Ligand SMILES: Cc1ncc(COP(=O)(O)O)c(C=O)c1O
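Just one chain follows, in the form predicted on its own, and it is written as structure tokens.
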Amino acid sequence: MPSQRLPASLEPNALSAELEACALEGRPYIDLTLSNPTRCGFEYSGLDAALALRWAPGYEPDPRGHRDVRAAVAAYHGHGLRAEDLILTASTSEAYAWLFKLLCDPGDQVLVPSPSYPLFHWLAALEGVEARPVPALRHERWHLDLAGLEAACGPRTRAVVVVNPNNPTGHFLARDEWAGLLALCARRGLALLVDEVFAAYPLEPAPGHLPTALEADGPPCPLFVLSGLSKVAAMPQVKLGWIAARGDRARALLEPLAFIADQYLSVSASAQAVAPELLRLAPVIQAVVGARLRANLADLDRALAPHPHLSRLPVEGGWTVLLRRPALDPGEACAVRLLREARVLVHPGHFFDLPGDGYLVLSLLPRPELFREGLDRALAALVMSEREAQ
């Protein structure tokens, strides 16, 4: 049976206790973990009509989602995707839950290359499924350990979950990794779930990267690609995600997946009503967000230049960056110290199963002035601690 241990980010810890103390005592801090774009001061033109959220007075639920909305999603993605290949959900988290219900029985297992977003383990546990982490390899960039994934397969393994680009490492799958992953899933009879919520935000992609798994029209295993408006349109408050089935093996599972969806009918009419307009405006929104990400990344590089013992890893895509530091103290102790002394909130690397204590995870979304100030405070505190340790 799967472990009932909570993911590290959900267990009581010193950092959450310090955050609670900040709230109780009214101590302000700069949040460099922000992943909610609605709190980051973005301004987009042309959204007034879209955000009016036209109310749909009638209720005509379709378990797959309204066909016009699915057609709009298919047109946004391209790659020969059709409305018939899609099922709408209220979020990508719900999409995972439905796919785990579809593919697994309680006690089954899915493999998740790590580092990864810790929510996967919790979503799987809620379905009685074990999300087994398989550490990735790092040499200049992150790489899937295909041999490790194969070794981790057991009689109750049902699927592999990957994020392209990864959260928090930001790496896209390389095409040779992709070919190996498809072959592994076909050989082992596994489904492949690919989360591409950050695919629209490439920053420093490596040559030969896979921009989207939707390129695979005839994969040798059931392939499901997930995304949603929370990142595509930077609108997490408009609760709409989707599951795209690629290839005949996945399409054959859409009917039972629609049966699961029919038991919930969770996608609101108002979210569906506004979705086509938001998808039409998505490139404009992504350009605004992308400019913010690149500007903050450039500020980070300028700030790090005088500090050779501090560095950041390449960011192929996504909204986060990994900061490397000398592991003078455990990651969580460092994060607590930065919150107390510098009034800056960052994530310790172990929240995302990053190895060792030398990683801090920062968001690239905050307003530039707050990002710069928070960065200056954090780097000053890190440099001071290094000097004190010498």
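If you're wondering where the values come from, they're calculated on a predicted model, not measured in any experiment. Just count from 1 along the sequence shown to find any residue number.
Although not depicted, the form predicted together with the named molecule is the subject of the following passage.
Of the residues 93, 212, 286, 266, just one reaches the named molecule in the predicted complex with a heavy atom at 4.5 Å or closer; this is 93. Comment: the named molecule is not present in this chain, but in the predicted complex one of 76, 178, 100, 117 has a heavy atom within 4.5 Å of it, namely 117. Of the heavy atoms in residue 163, some are within 4.5 Å of the named molecule in the predicted complex. Taking non-hydrogen atoms only, residue 197 approaches the named molecule to within 4.5 angstroms in the predicted complex.
The closest non-hydrogen atom of residue 231 lies within 4.5 Å of the named molecule in the predicted complex. For the chain shown alone, residue 157 is not a contact residue for the named molecule in the predicted complex, no non-hydrogen atom being within 4.5 angstroms.
Remark: of stretches 215 to 223, 189 to 197, 300 to 308, 251 to 259, the one touching the named molecule in the predicted complex is 189 to 197 (heavy atom within 4.5 Å).
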